[in-house]
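Take a look at this single chain in structure tokens; it is the form predicted on its own.
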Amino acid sequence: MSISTTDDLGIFESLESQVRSYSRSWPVVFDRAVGSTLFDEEGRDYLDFFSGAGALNYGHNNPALKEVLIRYLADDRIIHSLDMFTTARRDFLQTFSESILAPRDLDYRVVFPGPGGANAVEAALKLARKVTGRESVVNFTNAFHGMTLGALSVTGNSLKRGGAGVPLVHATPMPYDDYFNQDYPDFFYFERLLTDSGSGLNLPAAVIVETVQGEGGINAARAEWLRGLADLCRRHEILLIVDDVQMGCGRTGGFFSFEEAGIVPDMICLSKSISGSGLPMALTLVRPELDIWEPGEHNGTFRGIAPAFATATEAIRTYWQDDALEKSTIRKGARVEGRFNAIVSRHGEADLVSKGRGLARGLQFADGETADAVCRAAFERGLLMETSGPVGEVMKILPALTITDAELDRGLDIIETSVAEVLAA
């Protein structure tokens, strides 16, 4: 394999901060990308099972979305607009309402909180506290909600929390689904603390949850657990926030990852693939009666990136007018699950665990070193994927939803070979 030389990478080493991470796993200079394939500057192709950490559900430079973007820019349309009215914003809101919300019988106001997922989470946390007058928020073990201070306060990973530099307060972690390996009933601890006047737990403003914890290790909550959580929140008058930043926009099958459970959150955080094209965009959806913001009380310079509105609208028109993509994602996810289960069975002595839903999948290894070694071996064979989990012990894949069966099988073949090689060593 041809890896970029030190001289090729020198400008990055000398000028860019040490905080960079993905480039350490993939030490090449990427230049072009089409569909599920990236090309480095020397022309070598890499199959992408990373998809911009879930920001490219429809693949790189998707032709339908690229055409809309090029035409939008060529016509000198508005690019930066803060929260001013634009035709692109209007088209998106109308299309999102008619094609996503209305068919699911969902009624939300749309907040444009800023360009990324952490912005969507921060807006939800602020609004929940404003609505309820309470400070505390409950999050879950192994959660990840972003790197800004509010979002980081409800994130579980100790390394990421350690970078805050200040105490992270007003958040209380509770056990995520199956945290105790089903040794205890769901929510026995949470419910007890809520009902015991001596527990010291302040009544929370909100609970924030991922239906599948991506960065936390591809931990998929059961539908009945999510329904139980929604019921608990309703009984105790606690707002329920679903963070669908990585698992929304079709990643698990339905447009929203909570659809399978049949729950209706009070707020939903969306970002990553909502623009469809990889452009920055985020939404915080709130029930209309919760929309009590004062004008400008939450704002940001880049909450109106109009080209992202244009590609987001086209993504919905192209992929969400019927259930074809949803069925395809579920079918491909089952294909991955079958292959992963076979790998687990073949290497019984390694105690591997197959995890996930839809096209958010993972293989859990005994430790982070092994998972890292598998990802490195796969990279040498031309496949990009990352690790997740508390100590990076889960090999995580997020292929584009538009990936072909042939590409999917080729990537799974690489994974199978890489796992066998690493475990044999």
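Each residue number is its position in the shown sequence, starting from 1. Remember, predicted model here, so these are calculated numbers, not experimental data.
The next section is about a form of this same protein that is not shown, the form predicted together with another copy of the chain.
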Check your understanding: Does every residue of Thr141, Met147 and Arg161 put a non-hydrogen atom within 4.5 angstroms of another copy of the chain in the model of the complex?
Key -> yes
Review point. Looking at the partner-bound form in the model of the complex, is Trp225 within 4.5 Å of another copy of the chain by any heavy atom?
Key: no
Practice item. Indicate whether Arg234 is a 4.5 Å heavy atom neighbour of another copy of the chain in the model of the complex. Key: no
Practice item. Tell me, yes or no, whether Phe50 is in contact with another copy of the chain in the model of the complex, where a contact means a heavy atom of each within 4.5 Å. Key: yes
**Study point:** Proximity of Ser23 to another copy of the chain in the model of the complex, heavy atoms at 4.5 Å
**Key:** yes
Review point. Which of these stretches, 350 to 358, 316 to 324, 247 to 255, 131 to 139, has heavy atoms within 4.5 Å of another copy of the chain in the model of the complex?
Key: 131 to 139
Point to revise | Position in contact with another copy of the chain when the complex is considered in the model of the complex, options Ile330, Ala221, Leu152, Val344, heavy atoms within 4.5 Å | key: Leu152
Check your understanding: Along 14 to 48, which positions have a non-hydrogen atom within 4.5 Å of another copy of the chain in the model of the complex?
Key -> Ser14, Leu15, Glu16, Ser17, Gln18, Val19, Arg20, Ser21, Tyr22, Ser23, Arg24, Trp26, Pro27, Val28, Val29, Phe30, Asp31, Arg32, Ala33, Val34, Leu38, Glu41
